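For reference, the chain that follows is the form predicted on its own, supplied as structure tokens.
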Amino acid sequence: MRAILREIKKHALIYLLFVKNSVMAQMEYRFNFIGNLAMEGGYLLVKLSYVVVVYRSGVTIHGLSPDEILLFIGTFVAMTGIYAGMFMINMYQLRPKIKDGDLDLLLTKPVSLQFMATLRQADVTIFSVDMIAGAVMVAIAWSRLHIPVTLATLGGYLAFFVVSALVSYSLFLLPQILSFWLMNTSAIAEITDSFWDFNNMPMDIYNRWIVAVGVFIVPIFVITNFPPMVVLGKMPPLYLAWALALPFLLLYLVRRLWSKGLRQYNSASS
């Protein structure tokens, strides 16, 4: 147990260094940083248009009030900050690293190659803008719905938010790992990325067959629907059990596929 805790602590400290280096690199070109900040702010305004439409129309979705829908949208925006700010930038660079043999340098490091290759960079602009905006929306919805701030509610939401982050990391990394075998995986990556926007509204807007696929087959709906459902008391026991098991299943699958793919890797020197 102590060895595991030491490894976790070591990788956590290394990740903080990764974030620090990313901030320094982005702040070095301040005009680009400000431009990226403005661009992300524009994207955020587009996302907020969903909130405006919901409140102006007073629409309800399967019994969900506008305030409850805001809780889902806020979770989607915050989770977008996690995915786009922490994971996506690394996943998009994984394929060229594999094809060009650039993993050679990372292979020499005394830490997990998967950790280095998939978490080395962070886009602080996207992360900060979306996380702050998402947290504000969740807080407003939480207050308007008069949800008590207790260990059960806040702890449950945060726990399932972590589950959602693990699912998003694993689910969107899987198609990128295919780069070890395929010459071009950009089409696959674009298709999987397009699934992300399915989460911008509660999954109840879709029919039950799409919901079933999005929860159990391609579990995209788990990412931004389950944390609000826990807080609102709308989590069926089957979904609860699936949410607890899914991160471990996906992380195991990612690790096995990564290990197999690495055996197919040809370094730049070979």
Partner chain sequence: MWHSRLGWVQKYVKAFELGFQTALEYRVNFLISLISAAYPIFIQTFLWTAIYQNSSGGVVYGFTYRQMIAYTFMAGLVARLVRTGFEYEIMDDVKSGKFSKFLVQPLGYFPYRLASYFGQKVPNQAMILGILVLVLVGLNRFWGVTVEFPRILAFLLTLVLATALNFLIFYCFSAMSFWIVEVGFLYEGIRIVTVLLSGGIFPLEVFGERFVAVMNLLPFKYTVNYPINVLNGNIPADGVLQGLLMQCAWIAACLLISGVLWREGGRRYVAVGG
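Keep in mind it's a predicted model, so treat the numbers as computed, not measured. Numbering follows the first chain given and starts at 1.
We do not show the form predicted together with the partner chain, though everything after this point is about it.
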| query | finding |
| --- | --- |
| Contact flag, M201 vs the partner chain in the predicted complex, heavy atom cut 4.5 Å | yes |
| Contact test in the predicted complex: I191 vs the partner chain, heavy atoms, 4.5 Å | yes |
| Exercise: F216 in contact with the partner chain in the predicted complex, heavy atom 4.5 Å | no |
| Contact flag, S65 vs the partner chain in the predicted complex, heavy atom cut 4.5 Å | no |
| Complete contact of S128, I132 and I140 with the partner chain in the predicted complex (any heavy atom, 4.5 Å) | no |
| In the predicted complex, residues of 196 to 216 near the partner chain [heavy atom within 4.5 Å] | D197, F198, M201, I205, Y206, N207, I210 |
